[in-house]
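Single chain ahead, written as structure tokens, the form predicted alone.
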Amino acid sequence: MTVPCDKEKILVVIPAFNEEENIARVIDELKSDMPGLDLLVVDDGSTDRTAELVRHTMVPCLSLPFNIGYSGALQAGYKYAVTRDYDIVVQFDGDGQHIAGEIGKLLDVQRESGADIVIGSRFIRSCGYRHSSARMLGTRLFRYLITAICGVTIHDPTSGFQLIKRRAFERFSMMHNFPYFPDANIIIEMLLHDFEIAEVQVTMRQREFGQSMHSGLLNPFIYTIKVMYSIFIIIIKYLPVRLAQKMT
């Protein structure tokens, strides 16, 4: 197990919406397997006992007054990390799919590469993780777009398991247009601004309890359309400037 560097302040941000069946186990695993890390749960206006169960664990909990969505919960975590002077944020889902011990792999890659963002990837090599056909199609589409626009291959642009250095999450915390689904769109924007992004193969579990925000037949298509629209806006806004810089 990778031991966090004493000089680095690391915060694990756990966005959670109606995760009463999962959140206590997620926190217990993080405390057991990565005891040197600080934890923060951002309760995104849950209507179940999520916030109550978090408070019983004595982990800090930001309870948002109403549900503002996954990205809003993440941005609240980034703002918390900035105000408390953390060096690294680790995004960690509250649904039990991410594995606490795998955080060490992200830390190792960041220290070796100096990357601003390290993505925990399910798809660098086959690991048996199952996606729906619609989500897998979206992942492949986003992978292709990132390569075509930025010349970089990102195998798992939809992974929410990420390590983010201060320079990057401070930028996220101040974005007034932080996208509703911060996935391939944010990767493209950060690459166009010369942030370094690395990937490492990780193991993830399938969700056992509760409902994913991407569940159902319609939600994956809505997600893909919204991310595509965000990518289109980013291309218009930043790509011409990037190309002009390369020509000078």
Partner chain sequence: MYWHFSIISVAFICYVLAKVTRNQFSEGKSIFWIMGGVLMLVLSLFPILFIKLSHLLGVVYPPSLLFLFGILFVVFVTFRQEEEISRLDERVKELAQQNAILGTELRTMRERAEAAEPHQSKHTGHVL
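Values in this document were obtained by computation on a predicted structure and should not be read as measured data. Positions refer to the first chain, counted from 1.
A second form of this protein, the form predicted in complex with its partner chain, is not displayed here; the remarks below concern that form.
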Heavy atom within 4.5 Å of its partner chain in the predicted complex: which of Thr139, Gln75, Gln110, Gln162 fits that? Just give me the one. Gln75
None of Met204, Leu37, Leu192, Ile68 but one has a heavy atom within 4.5 Å of its partner chain in the predicted complex; the exception is Ile68
Contact with its partner chain in the predicted complex for Ala198, defined as at least one heavy atom pair within 4.5 Å: yes or no? no
Quick one: does Arg84 come within 4.5 Å of its partner chain in the predicted complex, counting heavy atoms only? yes
With a 4.5 Å heavy atom cut-off, would you call Arg171 a contact of its partner chain in the predicted complex? no
So, Phe123 and its partner chain: in the predicted complex, are they within 4.5 Å at any heavy atom pair? no
Region of this chain that lies against its partner chain in the predicted complex, out of 218 to 226, 184 to 192, 54 to 62, 26 to 34 [heavy atom, 4.5 Å]: 54 to 62
Residues Tyr144, Phe232 and Ile235 all lining its partner chain in the predicted complex, heavy atom within 4.5 Å: no
Residues from 160 to 188 in contact with its partner chain (non-hydrogen atom within 4.5 Å) in the predicted complex: Met175, His176, Asn177, Phe178
